[in-house]
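Have a look below at one chain only, the form predicted alone, in structure tokens format.
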Amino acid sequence: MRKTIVIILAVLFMIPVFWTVTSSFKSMSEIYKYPPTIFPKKISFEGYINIFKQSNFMRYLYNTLFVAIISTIITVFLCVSLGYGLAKGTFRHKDFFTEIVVITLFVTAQIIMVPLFVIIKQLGLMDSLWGLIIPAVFTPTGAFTAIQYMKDLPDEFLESAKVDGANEWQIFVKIVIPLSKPLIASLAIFSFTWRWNDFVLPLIVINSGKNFTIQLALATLQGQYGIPLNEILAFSVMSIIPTLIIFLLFQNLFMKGLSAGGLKY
């Protein structure tokens, strides 16, 4: 019964994606045709051709990849190192800092938007890709996930390395990181997806078209005489591909991270 419900829900969630992909290969007249068709009667690449000819798609793709990749690398390193320190460290007030991380989980992005805008402006990062990267490098969810995962790492491995003369950095690089591959994969997928699909922060920070991300460019994709729906659908399909590739590359480690109980929401 549970499998049946999961299959039904999966099909329902896939219907919009399926419609987007198939409709991206339709002509404008067929998209607006009633009753709508499931598959295109005649495959048309007009939408894909137009987004490369009439919009600076490759520039938007580069901007989004740059922001997503750099943010993900920094986020993963910060979360894993912070999680290791708060889970296995022996310094004073460790519990206090852990509680701060937990409290920040309840702070929504909308609450900090105004002070975040002021800080970004004072740092001179407005209309800059680094203005999208720096505010996003620390995520309370990722830090909390790393703390929970690190608590389950065997202390015997760490103590043995200390007995053999390894310092904290060597233990972190040679023992903690290899044991944390499922965690790293999970954080990388979520962080990349968050930054790739982010719309609110680019809308606040970015002003010029040369620094548009894909999501921001997609929102402004409107013609003089109407909305080019075939181009919007083609744009949407192209924006899905990178996140799908990332998930396929790390899906095994990602599933291990989930089964290990490291992700708690």
Partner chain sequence: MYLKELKIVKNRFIFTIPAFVFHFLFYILPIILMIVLSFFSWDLLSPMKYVGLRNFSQLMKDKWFWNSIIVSFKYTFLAVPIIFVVSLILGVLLQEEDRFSKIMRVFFYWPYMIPMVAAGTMWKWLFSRNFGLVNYIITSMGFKPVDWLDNPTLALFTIVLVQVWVLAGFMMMLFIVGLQAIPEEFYEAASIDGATKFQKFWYITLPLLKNTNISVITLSIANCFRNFTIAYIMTTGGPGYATTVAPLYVYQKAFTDFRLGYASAGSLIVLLISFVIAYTVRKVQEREIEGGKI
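Positions refer to the first chain, counted from 1. Since this is a predicted model, take the numbers as computed values, not measurements. Definition used throughout: the rigid core is the maximal C-alpha set that superposes within 1.5 Å between two forms.
Not on display, but discussed next: the form predicted in complex with the partner chain.
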L233: touches the partner chain in the model of the complex, heavy atom cutoff 4.5 angstroms | yes
Given that the partner is absent here, does I69 sit within 4.5 Å of the partner chain in the model of the complex, heavy atoms only?
-> no
Should I31 be classed as touching the partner chain in the model of the complex when contacts are defined as heavy atoms within 4.5 Å?
-> yes
Decide whether V163 counts as a contact residue for the partner chain in the model of the complex under a heavy atom distance cut-off of 4.5 Å.
-> no
Taking the partner chain in the model of the complex, which residues along 174-204 bring a heavy atom to within 4.5 Å of it?
-> P182, L183, S186, I189, F190, T193, W194, N197
With both forms fit on the core, has F57 moved 2 Å or more by CA between the shown form and the other one?
-> yes
Taking the rigid core as the superposition reference, indicate whether the CA of F235 shifts 2 angstroms or more between the shown form and the other one.
-> yes
Core superposition between the shown form and the other one, C-alpha change of I70 at least 2 Å | no
